[in-house]
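Just the one chain here, laid out as structure tokens, in the form predicted on its own.
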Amino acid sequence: MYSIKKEALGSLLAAIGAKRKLYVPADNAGLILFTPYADGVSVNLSRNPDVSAKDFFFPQVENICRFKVCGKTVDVIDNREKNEDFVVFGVRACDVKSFEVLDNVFLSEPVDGYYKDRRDHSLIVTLACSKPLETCFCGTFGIDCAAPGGDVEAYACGDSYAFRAITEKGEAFLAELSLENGGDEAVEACKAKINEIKAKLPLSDLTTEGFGGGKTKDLFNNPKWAELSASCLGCGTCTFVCPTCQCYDIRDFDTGNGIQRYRCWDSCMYRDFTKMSAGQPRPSQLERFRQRFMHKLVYYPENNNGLFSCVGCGRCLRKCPQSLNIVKVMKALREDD
């Protein structure tokens, strides 16, 4: 365990940034977003960022390759940007758990090389949630916001930050920095305080009882889906702020000097999602709405050893313009139990 005084955080971040690309939560137009660290960046570690860290491994838009036709010859050009080692600082436990969900998708055979390359070049420094928001419910899915994991765990304890390596990569990283030994007792006191706060959160009693693998027959035809989906705009906001959503589309763009193929996020809430030549298999908003939440709460855990595709970050609670979210769905469907 290592520690520094809070006033030395800027010096620590500058030392990290001198060796690797560094991203930190920072104030940005009223939001807290992961931002490249530089002099003058307004670092804000007060709460979970408004947008998850998913974008570092599964970018919203990324180049796949280019095609160039020369007569009867088609040249395929790999024009993706070369990844360099980078550090993401201040990631919370919910987002760390989301990486496990994404890994199950992108690192299963056949492995997604674009995703794997970014994962291999990353180092995650997490931060325990000393002030979890009222919309947080990570504990529902067995996530401990007082023990966030990653490569290095950090804790805000009084006037200091404490750091503990979790992986070999994390140990090597901390060995490069000039940090003082100590902080164990302060961390234990900090964790106890966090657990007291967690127990008082409004959603602390929310459980996954009634959901999970094998529940398709029980939940699919529940009449509550009609009521729940009636006011859904199909805007896709919930999917874009979700740290575990992994739907994407691949498109080709004629640049005038060849074809650029790129991948971009998509949403199961959109009308043309999964549309095929034979038509749209989920033509109504009810069907699309149901698909999203059945995937989170039933289909994904059924195919991934009970792991739910929700991490309780609460972003969908805060961002949905119609106040529709996974908590409302879970409570409504369990009213019939």
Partner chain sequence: MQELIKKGKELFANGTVDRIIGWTRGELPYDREIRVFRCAECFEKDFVYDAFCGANLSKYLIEESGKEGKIGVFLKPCDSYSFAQLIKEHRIKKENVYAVAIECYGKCDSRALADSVEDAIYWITDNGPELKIDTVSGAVVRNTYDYMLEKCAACKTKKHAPGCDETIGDEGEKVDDCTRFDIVAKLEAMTPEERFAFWRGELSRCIRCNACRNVCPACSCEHCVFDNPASGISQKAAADSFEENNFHIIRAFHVAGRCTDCGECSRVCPQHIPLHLLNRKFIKDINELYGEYQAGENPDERAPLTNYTKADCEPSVVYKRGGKN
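What you see is a predicted model, and the numbers here were worked out from it, not measured in a lab. Positions refer to the first chain, counted from 1.
Another form exists, predicted together with its partner chain; not displayed. Remarks below refer to it.
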Q: Indicate whether Gly210 is a 4.5 Å heavy atom neighbour of its partner chain in the predicted bound form.
A: no
Q) Does Gly30 reach its partner chain in the predicted bound form if we count a contact as any heavy atom within 4.5 Å? A) yes
Q | Exercise: Phe220 in contact with its partner chain in the predicted bound form, heavy atom 4.5 Å | A | no
Q.
Taking its partner chain as it sits in the predicted bound form, is Ala146 in contact with it (heavy atom to heavy atom, 4.5 Å or less)?
A. no
(Q) Only one of these stretches, 210 to 218, 193 to 201, 101 to 109, 80 to 88, has heavy atoms within 4.5 Å of its partner chain in the predicted bound form; which one is it? (A) 193 to 201
Q) Using a 4.5 Å heavy atom cut-off, are Gln60, Glu134 and Leu233 all in contact with its partner chain in the predicted bound form? A) yes
Q: Using the arrangement in the predicted bound form, list in sequence order the residues of 234 to 270 with any heavy atom within 4.5 angstroms of its partner chain.
A: Gly234, Cys235, Gly236, Thr237, Phe240, Val241, Asp249, Arg251, Phe253, Tyr262, Cys264, Trp265, Asp266, Tyr270
